[in-house]
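Heads up, the chain below is alone and in the form predicted on its own; it's given as structure tokens.
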Amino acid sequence: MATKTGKEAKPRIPLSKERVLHTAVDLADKTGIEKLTMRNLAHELGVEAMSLYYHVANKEVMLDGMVEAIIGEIGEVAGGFEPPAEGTDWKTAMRHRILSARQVMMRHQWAPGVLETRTTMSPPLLHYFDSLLGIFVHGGFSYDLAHHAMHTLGSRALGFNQELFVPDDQGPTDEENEAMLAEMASQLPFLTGMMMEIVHDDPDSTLGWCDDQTEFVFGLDLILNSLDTLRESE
């Protein structure tokens, strides 16, 4: 009769594309997207790197799959991508959909940068944009105005604001900032005045240099209110 020696080995969890992608997302959250490599991912999964290529052909395919996982997460937060119930205010539905995307982007702060590098739109991403257009159309927008609206929303449609200017991560110290502002004051009075008055002191609400929650919601509401005025005038 066979006897057990030592601890029983834990059953190995089968490798699948879904497991690979969800582990990649978790690893990017922990270490940053820059440190995510096929080798590091394989180590995290406890497999040989070559085993990954049965599920994701290369890193670009992996990044595409991670984007699909993120879009799926937005759907979970938003309660699905179906058109809003009859009688639902379109602005309320659109605001909820986009702020759901924002919530997911805040969990995965590397995701906006990856989205900006994608050269094609996967079926889940196309489905997400189709759902936004559905909210507009069900809300009384013509396709022409809905098209303009999507361009106006830009990256906000996915929950982040693409910045015009992003400084280096190694920013100046407080003392250097004060000296810089004093030097700027005479030549750039309005920029200096704004920078002295407006300070983003909640780093947890930020997706980039100046993309904090307050500014994001302000811009989103401004766009949606203006679009509603245009919709009523059609």
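The numbering used is simple: start at 1 and walk along the sequence shown. As the structure is a prediction and not an experimental result, all values here were calculated from the model.
From this point on, the text means the form predicted in complex with the DNA, which you will not see here.
Interface membership of residue 186, defined by any non-hydrogen atom within 4.5 Å of the DNA in the model of the complex, is ruled out. Under a 4.5 angstroms non-hydrogen atom cutoff, the DNA in the model of the complex lacks residue 43 among its neighbouring residues. For residue 38, a non-hydrogen atom is located within 4.5 Å of the DNA in the model of the complex, even though that partner is not displayed. The DNA in the model of the complex comes within 4.5 Å of no heavy atom belonging to residue 191. Taking the DNA as positioned in the model of the complex, the residues of 45 to 59 that bring a heavy atom within 4.5 Å of it are, in sequence order, 47, 48, 50, 51, 53, 54, 55, 58, 59.
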